[in-house]
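One chain is shown next in structure tokens, namely the form predicted on its own.
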Amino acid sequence: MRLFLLTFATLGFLTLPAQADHAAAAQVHDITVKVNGLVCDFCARAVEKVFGERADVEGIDVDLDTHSVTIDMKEGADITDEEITKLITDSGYNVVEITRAADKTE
């Protein structure tokens, strides 16, 4: 029994760094933007470049099949719908819809 408890405690201790990393990642929230005009790889790269230059953006994913852009914001950072619309419009595309996912918690 003592060996079982010692093994269980050791395994729990070893997984703490992984759990901490997962908790930090869970606080990043997503913003999904439906965009008219995203049809090619060049379109995707243009939008990725605009958002990739921002210090408050953790990551950007452009899905040409769904004509959507997913923006992963850094913890504590935010961007207004107006800023998103301006950045995409200045890139030559039209915003259809902006949806924000609530902060992911588990």
Partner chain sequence: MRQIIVMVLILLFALPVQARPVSYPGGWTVMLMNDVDINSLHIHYSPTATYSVGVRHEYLRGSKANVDTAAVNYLIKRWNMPAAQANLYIKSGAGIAYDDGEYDPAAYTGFAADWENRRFFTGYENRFFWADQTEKFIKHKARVGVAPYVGDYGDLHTWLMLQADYDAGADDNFSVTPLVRFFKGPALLEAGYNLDDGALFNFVYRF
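Since the model is a prediction, treat every value here as computed from it, not as a measurement. Positions refer to the first chain, counted from 1.
The protein also exists as the form predicted together with its partner chain; that form is not presented, and the subsequent description refers to it.
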Notebook entry, point to check: All three of G37, A46 and S91 touching its partner chain in the predicted bound form at 4.5 Å, heavy atom to heavy atom?
Noted result: yes
Notebook entry, point to check: How about V62: is it within 4.5 Å of its partner chain in the predicted bound form, going by heavy atoms?
Noted result: yes
Margin query: Please determine whether H67 contacts its partner chain in the predicted bound form, using a 4.5 Å cut-off between heavy atoms.
Written below: yes
Notebook entry, point to check: Contact between E75 and its partner chain in the predicted bound form at 4.5 Å, heavy atoms?
Noted result: no
Note to self: Just checking whether V50 would be counted as a contact of its partner chain in the predicted bound form - the rule being heavy atoms within 4.5 angstroms.
What the structure shows: yes
